[in-house]
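Taking the form predicted on its own, here's one chain by itself in structure tokens.
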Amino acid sequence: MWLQINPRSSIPMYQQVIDGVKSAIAKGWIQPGEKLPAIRELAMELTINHNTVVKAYAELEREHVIEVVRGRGTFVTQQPFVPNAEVRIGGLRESVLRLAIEAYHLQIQDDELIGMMKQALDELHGKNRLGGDES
């Protein structure tokens, strides 16, 4: 399955669902317009309470990552609209700064941190370490 939940993680399960759906979309495992599993179906597959999936789907819908079409199901948004984009970009900048500060305290050099970021982006886009596509 494309989504894994770790019940021992300090990250709340609903947040793991949110992060998993966003990651699967970013990696191209789920395409815009693709139907997602129904709430009860996903809850059963992940062996979690269906209210956890309800909460995650509600947040994903609020963020315009998914859309619920009554009577048809839940789908990945075709043309995502990013609400509060400026605020969220500001939050992302703060996260990057915190990452840079943490790297400093771990004595990680700037070029090594940038390399880590490039590696993460390559992983996200399905490229291997040599820069080619994984096939």
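Don't overthink the numbering: it's just position in the shown sequence, from 1. These numbers come from a predicted model, not from an experiment.
Omitted from view is the form predicted together with the DNA, to which the following refers.
Peer 1: Indicate whether the DNA has at least one heavy atom within 4.5 Å of a heavy atom of Arg72 in the predicted complex.
Peer 2: Arg72 belongs to the contact set for the DNA.
Peer 1: Answer with yes or no whether Ser95 is in contact with the DNA in the predicted complex, where contact means some heavy atom within 4.5 Å.
Peer 2: Outside the cut-off, so no.
Peer 1: If you check in the predicted complex, is Pro12 within 4.5 Å of the DNA, heavy atoms only?
Peer 2: Yes, Pro12 is a contact residue.
Peer 1: Using the partner position in the predicted complex, report whether Asn49 sits within 4.5 Å of the DNA, counting heavy atoms only.
Peer 2: Result yes; Asn49 sits at the interface with the DNA in the predicted complex.
Peer 1: Since exactly one of Val65, Ile108, Ala38, Leu99 fits, which has a heavy atom within 4.5 Å of the DNA in the predicted complex?
Peer 2: The option sitting close enough to the partner is Ala38.
Peer 1: Choose from 51-59, 26-34, 86-94, 99-107 the stretch whose residues reach within 4.5 Å of the DNA in the predicted complex, heavy atoms counted.
Peer 2: Selected range: 51-59.
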